[in-house]
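The chain below stands alone and is given in structure tokens; this is the form predicted on its own.
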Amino acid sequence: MGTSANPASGRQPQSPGLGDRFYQWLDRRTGIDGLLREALDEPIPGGAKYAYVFGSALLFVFLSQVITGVFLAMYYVPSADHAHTTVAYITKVVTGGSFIRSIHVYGADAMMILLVLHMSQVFFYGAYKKRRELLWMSGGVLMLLIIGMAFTGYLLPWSEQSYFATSVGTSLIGEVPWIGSYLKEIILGGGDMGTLTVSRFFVLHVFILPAAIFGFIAVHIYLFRTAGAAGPAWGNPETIRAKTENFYPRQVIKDIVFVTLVIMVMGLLAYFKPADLGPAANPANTTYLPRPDWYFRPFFEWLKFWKGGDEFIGEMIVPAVGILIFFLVPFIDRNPERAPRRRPNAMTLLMVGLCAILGLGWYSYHQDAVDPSVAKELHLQSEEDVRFMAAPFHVEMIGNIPGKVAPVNKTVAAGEKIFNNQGCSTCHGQGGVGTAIAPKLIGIVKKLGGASKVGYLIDHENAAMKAGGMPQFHLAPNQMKQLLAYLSSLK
């Protein structure tokens, strides 16, 4: 029948092309055509709108994070002595490594922005009502998981900033009554942050949390398809029903347009303003001022308002109550009305919440700017980050990176350990790159005419070194030999 001539036209019908035949073959074995129709034929009351694009964009950015994270994990070594070196290697040596890492860093920023926009839009439209309680709560779980991803990923570069900012965050866990010290020890892998901490944060960031996010995305989509799209929060119901259209094609096009815009912004930022990487963490640095990334700044500032015996209330009780209220919003607000102008209490709560978050974030940066000593120290830290980024990557820093193994001089390695343990890197910078308070040591042996002269200066400080606050070191001959071997390797 399918190949016989058409009696009306006398023409032979065209046989399906190779692509059509392959699609039909695949459909008979997988049912992909039915799956696509089920996914794309979702009815949208009131029609497609740009207000609905944030959820799709959030999903896309998460997938982007997974892909770029896989590439970064190919080089990353989750240990305290290799983490920072491997991230520096990715940033400074690997072709396209800085761009991929920057996409990953800016992707975390984009996820936080899109998360706030998506949750605000859902709340503004009252889309948590009418059989959507579980949908809202599953979105709340996803929100907490995304915040957990941001927190665990922040430590992995093992830089000064990530180390000290994360130490502030993990110290809060120890404030939990009765079990706080045990929880903190489980998370850190001991009493202090070290290799076990990096390893556990890596496992959480790369395996456990992404798996949980994928699972709750599936639950979230299932609940969304079960409840159906909420549609506009205002307007004539008959008119809204009359304008109902499927997800494909108009809403798909709007999603693609917005996602493309997000891709372009992330790409431009990654190309023209690559993500920074500061010096490696030095736990002995007691002068470093820890500051979290911008999306944790509001909570960082919030903690400053609670002192003494009230710390537990501000650090634990208030946030816990806030999260509980967030999850119970559909059960607290039982009014079926969804129009924003008819929900003044809900809109006031939304505006107060957003203004509080933005206000606390702005106030945190403002406080740093108006305090001269803090502003100066943060500026010095920023300059140190810039100098580290500008410094070339040393091959001897690679350690045991597969495919790039360099001969490891045990004397040099021991000297580097002495350099860091004695606090030399605090003033002279990681790798002796120099800081605003001490000169660079790269090439110092050649400049002064030999290791023996450098050793003499270390043992017998001159007036300039004393005036600069350099402490007196008393090293054993073998330790001095190792330190001088390390300084000689800084080229």
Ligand code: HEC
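The term rigid core refers to the most C-alpha atoms you can superpose between the two forms while keeping them within 1.5 Å. Here the structure is a predicted model, which is why all the values come from computation and not from measurement. We number the residues from 1 along the sequence you see.
What follows is about the form predicted together with heme C (HEC), which we do not show.
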query	finding
Heme C (HEC): the contacting residue among Val454, Leu59, Ala48, Val433 in the predicted bound form [heavy atom, 4.5 Å]	Val454
Listed residue that, although heme C (HEC) is not shown, lies within 4.5 Å of it in the predicted bound form (heavy atoms), from Leu26, Leu36, Ile67, Leu448	Leu448
Answer range among 112 to 120, 246 to 254, 415 to 423, 84 to 92 for contact with heme C (HEC), defined in the predicted bound form as heavy atoms within 4.5 Å	415 to 423
Non-hydrogen atom contact Gly469 with heme C (HEC) in the predicted bound form at 4.5 angstroms	yes
Ile44 within 4.5 Å of heme C (HEC) in the predicted bound form, heavy atoms	no
Contact of Phe22 with heme C (HEC) in the predicted bound form (heavy atom, 4.5 Å)	no
Heme C (HEC) contact in the predicted bound form: Met465, any heavy atom under 4.5 Å	yes
Core-superposed comparison between this form and the one not shown, Leu448 Cα displacement 2 Å or beyond	yes
Per-residue C-alpha change between this form and the one not shown, Cys427, threshold 2 Å, rigid core fit	yes
